[in-house]
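The chain below stands alone, shown as structure tokens; this is the form predicted on its own.
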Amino acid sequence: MPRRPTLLVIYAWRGQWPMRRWEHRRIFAWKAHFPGRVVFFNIAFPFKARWLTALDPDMVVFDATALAARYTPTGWDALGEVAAALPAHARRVAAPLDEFLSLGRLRAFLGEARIDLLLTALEPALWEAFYPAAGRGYAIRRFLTAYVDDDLVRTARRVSPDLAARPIAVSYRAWSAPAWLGEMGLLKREVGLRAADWARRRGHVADVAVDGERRLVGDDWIRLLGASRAVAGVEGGSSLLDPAGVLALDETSPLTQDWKPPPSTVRLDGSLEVRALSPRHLEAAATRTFQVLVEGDYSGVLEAGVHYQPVRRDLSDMDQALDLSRDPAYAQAMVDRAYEHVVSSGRFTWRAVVGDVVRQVLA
């Protein structure tokens, strides 16, 4: 009988608990769908490099939380220790999500750790600018920030598929978007404020909070979507980049993606903009919630006018777009199309993507 392969998932977590739903699902999707033994290793705490060597993994995945450790001197050292301790035969995968920050260190790590496959949320048109082919010793493939998981589907099935029966006209949540995200950061906040103002003027019920207020964790966000006719939104990402890695790293900063570098330390570079589908867009599709989104590519998954109602970047047509959520036939047809495309097709599940990556890496 052939030996079952061993997968080692490297992550870093010592901050928020419980984890955000999509982050927890991303890390543990490997355990659910990898065809062998899976071991998780948290480098946010002191460890012995020999522990990793003893595991003798066939495949190693560096999760985005582990790669974010590069922001601090201790985290950078930990990443180097991990890479040095891995057996030479282990195939290595890196899956960053914050590629607009400290890109120089990220690229250096990809080379020093002898990464075999980079999973990137960047659109292919940006690959050469971020990872020049001349210095790239690894394969690269597009990777979404999240995928559909079985728990999401089960939870979504408990909400009413009938938009007209839902009590909330529009919902939205946003954290306090800092200046270093540029225009994208401003949009994340403004789209929610415009949605709340539309509901107030039309006499509809809204559940909108920005600046990190009334934060929802676990399945609470899914339940809110299931009670809402519409949700506002914009792509995840940043209009300002740090390609040279000039962030002033703070040794006391926690190794979590909640850490925000001081705006004064970021070199502003508006020549490129990083944008990607966020987990919220898949969750809204799964709950059949009408999405009113700032027009964009959405990682090639959602198509404007087919799966979501687009609004111009200046939000000048926000009212008209949200008004369409009150048209029962139009709105229901759109959310049903989005559900069929994102959920029923099975194309955007963790099961599918883990299987594809494993076959590519261990072939």
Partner chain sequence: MNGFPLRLFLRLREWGGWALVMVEANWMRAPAPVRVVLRGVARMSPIRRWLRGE
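Everything quoted here is computed from the prediction, not taken from an experiment. Residue numbers count along the first chain shown, from 1.
We do not show the form predicted in complex with its partner chain, though everything after this point is about it.
Candidate site formed by 14, 19 and 40: every one of these residues places a non-hydrogen atom within 4.5 angstroms of its partner chain in the predicted complex. The closest heavy atom approach of residue 305 to its partner chain in the predicted complex falls outside 4.5 Å. Although the partner is absent here, residue 54 lies within 4.5 Å of its partner chain in the predicted complex, judged by heavy atoms. Interface membership of residue 330, defined by any non-hydrogen atom within 4.5 Å of its partner chain in the predicted complex, is ruled out. The shortest heavy atom separation between residue 28 and its partner chain in the predicted complex is within 4.5 Å. In short, of 320 to 328, 45 to 53, 66 to 74, 295 to 303 it is 45 to 53 that has heavy atoms within 4.5 Å of its partner chain in the predicted complex.
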